[in-house]
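Heads up, the chain below is alone and in the form predicted on its own; it's given as structure tokens.
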């Protein structure tokens, strides 16, 4: 199976590079799309250093500058770009999607699947949640710090054949890839951590997980944020374990110091996934009349910081 699988990775940041490396390790043919690092990847491949799994570096079968260059539709199109308001993800991948292509989302956020389902109603959709600490440390160079589990399912529920095939490939590549019948619930579970730690890391100036777990007061704030996400999830029909916020703090203490994706985007002056990670939680809370004062505060503050970044970038290019 692995020898015959053709995979196209669109979005070769830390996440796309790491899972592309795992799929290549499994024996799949892995092609990538990279405009900014095309020459680097063609000459040197994709470098992935892992403390747990060793050197995962690989050479893509083909490095495309643009999705429009793809002539043979892949079996799996792995989409691992940031979910941003001004990015039409369906239009981005459309040139490479064939009638039998399974679209695989390895992206953060709540309710990120509907635009893809609407655009490609006849293609299998595989939705995934990455529990991994990986960061870009240089051009076409990713460092994998810890974990790697990828929870896989269909949207809005169930497990399709494409999800089973994709899970088997990842398992063959050496990581845990469990299947879930309730992927939306799993998205809410991950949002409990993401919607708290990501914006707080930004408000703290792009701080690492170790930095924002430095005192009892900071941990109380994170627990309060996570509890509000749990309240919204429960009202939306996805109840979480009562001790999830406290366990999340304990588990994060066990991780090496880690800059999450939003912290890195803030540090480098890039657009942040505020709406997908936090805004959609806020909107669901408002729809369900669930009070989330802590989430509303960090949402507004993070949006303000994003506007400052946008203004600074506009000034630099004017």
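Positions refer to the first chain, counted from 1. In this text, the rigid core denotes the largest set of C-alpha atoms whose superposition between the two forms falls within 1.5 Å. What you see is a predicted model; the values in this text were computed from it and never measured.
This protein has a second form, the form predicted in complex with a further copy of the same chain, left out of what is shown; the following refers to that one.
Participant: Does every residue of 204, 221 and 297 put a non-hydrogen atom within 4.5 angstroms of a further copy of the same chain in the predicted complex?
Facilitator: Yes, the whole trio is in contact, each within 4.5 Å by some heavy atom.
Participant: With the partner left out of view, is residue 65 within 4.5 angstroms of a further copy of the same chain in the predicted complex by any non-hydrogen atom?
Facilitator: Heavy-atom contact with a further copy of the same chain at 4.5 Å: absent for residue 65.
Participant: Consider residue 71 of the chain shown here, and say whether it contacts a further copy of the same chain in the predicted complex, taking contact as heavy atoms within 4.5 Å.
Facilitator: Taking the distances in the predicted complex, the answer for residue 71 is no, it never comes within 4.5 Å of a further copy of the same chain.
Participant: Are any of the heavy atoms in residue 310 no more than 4.5 Å from a heavy atom of a further copy of the same chain in the predicted complex?
Facilitator: Residue-level check for residue 310: no, no contact with a further copy of the same chain.
Participant: Though only this chain appears here, would residue 54 touch a further copy of the same chain in the predicted complex if you measure heavy atom gaps against 4.5 Å?
Facilitator: No - in the predicted complex, heavy atoms of residue 54 and a further copy of the same chain never come within 4.5 Å of each other.
Participant: Let me know the one among 246, 211, 143, 111 whose heavy atoms come within 4.5 Å of a further copy of the same chain in the predicted complex, would you?
Facilitator: Result of the distance check: 211.
Participant: Which residue, 152, 192, 200, 116, has a heavy atom that falls within 4.5 Å of a further copy of the same chain in the predicted complex?
Facilitator: Only one listed residue qualifies here, and that residue is 200.
Participant: Okay, which stretch from 56-64, 289-297, 36-44, 23-31 lines a further copy of the same chain in the predicted complex, with non-hydrogen atoms inside 4.5 Å?
Facilitator: After filtering at 4.5 Å, what remains is 289-297.
Participant: Once the two forms are fit on the core, has residue 258 moved its CA by at least 2 Å between the shown form and the other one?
Facilitator: Yes, its C-alpha moves 2 Å or more.
Participant: Return yes or no for residue 274: a CA shift of at least 2 Å between the shown form and the other one, with the rigid core superposed?
Facilitator: Shift at residue 274: below 2 Å after core fit.
Participant: Once everything's superposed on the core, is residue 249 shifted 2 Å or more at the Cα between the shown form and the other one?
Facilitator: For residue 249, whose C-alpha is compared between the shown form and the other one after core superposition, the shift is 2 Å or more.
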